[in-house]
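Just the one chain here, the form predicted alone, laid out as structure tokens.
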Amino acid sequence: MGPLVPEVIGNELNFIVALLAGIAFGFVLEQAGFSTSKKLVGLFYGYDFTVLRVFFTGGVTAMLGVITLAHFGLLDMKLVYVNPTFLWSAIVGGLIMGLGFVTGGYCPGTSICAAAIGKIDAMIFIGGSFLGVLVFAEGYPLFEGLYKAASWGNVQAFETLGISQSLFAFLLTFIAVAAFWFTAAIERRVNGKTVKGFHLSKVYLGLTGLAIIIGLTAFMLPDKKEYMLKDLADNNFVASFKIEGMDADELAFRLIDNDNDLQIIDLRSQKDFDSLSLPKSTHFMLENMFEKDAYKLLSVKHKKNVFIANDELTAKSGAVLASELGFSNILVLKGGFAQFKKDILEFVMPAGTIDRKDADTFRFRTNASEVMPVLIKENKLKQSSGKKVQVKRVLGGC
């Protein structure tokens, strides 16, 4: 499954869901007639375009589903793997697969479906597929130059075309609907009769209109991350937003006391964080707040989430974003990390007369200025000795 936020499907349940999805996918393929080679190759001979309709429908549905889930922050797109594009190997591979499709009557997925119901020709096709894989694997040194030629990287279609994701989604939906009508006309001409269920009527005109409207929804779903970060660029908006604060003394006290209900979200640069980071702190940038890891961290119950940065306004930007995303127990370090360094880490006892209230505060700061560097050093050693968990992108495909 995709990297959903929240993680409603864990790694263990993923295997069960994958099994059930695979069974359902095979059932749909078989019911659509994809276990019959004559129906599949009908696409190339013009008498049956079921393959085009099914896969176009699946592609458009998945595309709009991904856009919608990403818009509402329910899918971490950073963890979705985009296959790298190698132009020439893709062209050559497409030609080989297309030739095999025409001559054998199956593609890799449909051959498995047909073999599962006992089709002998599909089993032979699968054998040929394994033979092709073996030849490629053993002869890879000979094919490597072609395989890696014209590397375009992990590009997406709308980026390559230089258009927005929303425009691409609408155009692809429009092309799919146009293709349905156009191929129906071809089938009527080749077969000499009207295709059942695909004649010009108010019902299908209505469905066509509905499909176009659904395609247009891509324009009504601007990137949630983009417009929320745009709001945070307005300092007046951030400054006027009500967020509870925590001063340097309280934060230092909680750290010295090893408060298990405290976690710190550090929005400073990676360089500053690596140079000096507080215990119980995790490094994030504002852009990371939409990701799966941020959700896991901030959704832990009964935790006080204190946002820190070099200055209070930047820290408050992160706190405002977390609050807008629906997280609770959000606080901001008053005065920023610069104030924490001045009041705690680099504290110097002021000269002159000190009243009783200030004397208690200064006594604590004097003690904290000695204890905190030790805690910071121990935390750094602990982090360097621990293994950093690398989040993997989700792989998938047909």
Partner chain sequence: MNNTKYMNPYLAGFLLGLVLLVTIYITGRGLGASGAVKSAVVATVETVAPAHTGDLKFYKEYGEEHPGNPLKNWLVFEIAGVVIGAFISGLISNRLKFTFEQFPKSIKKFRIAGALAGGALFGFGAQLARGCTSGAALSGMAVMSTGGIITMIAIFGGAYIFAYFFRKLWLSNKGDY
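Positions refer to the first chain, counted from 1. Predicted, not measured: the structure shown is a model, and the values here were computed from it. Take the two forms, find the largest set of C-alpha atoms that superpose within 1.5 Å, and that set is the rigid core.
One more form of this protein, predicted together with the partner chain, exists but is not displayed; see below.
- Using a 4.5 Å heavy atom cutoff, none of A239, D259 and I354 lies near the partner chain in the predicted bound form.
- Proximity to the partner chain in the predicted bound form, defined as a heavy atom within 4.5 Å, holds among D293, D272, D247, D121 only for D121.
- V41 belongs to the set of residues with a heavy atom inside 4.5 Å of the partner chain in the predicted bound form.
- Interface residue remark: F180 is counted as part of the site for the partner chain in the predicted bound form, having a heavy atom within 4.5 Å.
- Proximity of S299 to the partner chain in the predicted bound form: non-hydrogen atoms within 4.5 Å are absent; the residue sits far from the partner.
- Contact annotation: E12 falls within 4.5 Å of the partner chain in the predicted bound form, judged by heavy atom distances.
- Only one listed stretch (48-56, 339-347, 358-366, 326-334) carries heavy atoms within 4.5 Å of the partner chain in the predicted bound form, and that stretch is 48-56.
- Looking at 145-177, the residues that come within 4.5 Å of the partner chain in the predicted bound form, counting any heavy atom, are L146, Y147, K148, W152, V155, Q156, A157, F158, T160, Q165, F168, L172.
- After superposition on the rigid core, the Cα of A115 moves by 2 Å or more between the shown form and the other one.
- Relative to the superposed core, F170 shifts its CA atom by 2 Å or more between the shown form and the other one.
- Put the two forms on the same core and the Cα of T160 is off by 2 Å or more between the shown form and the other one.
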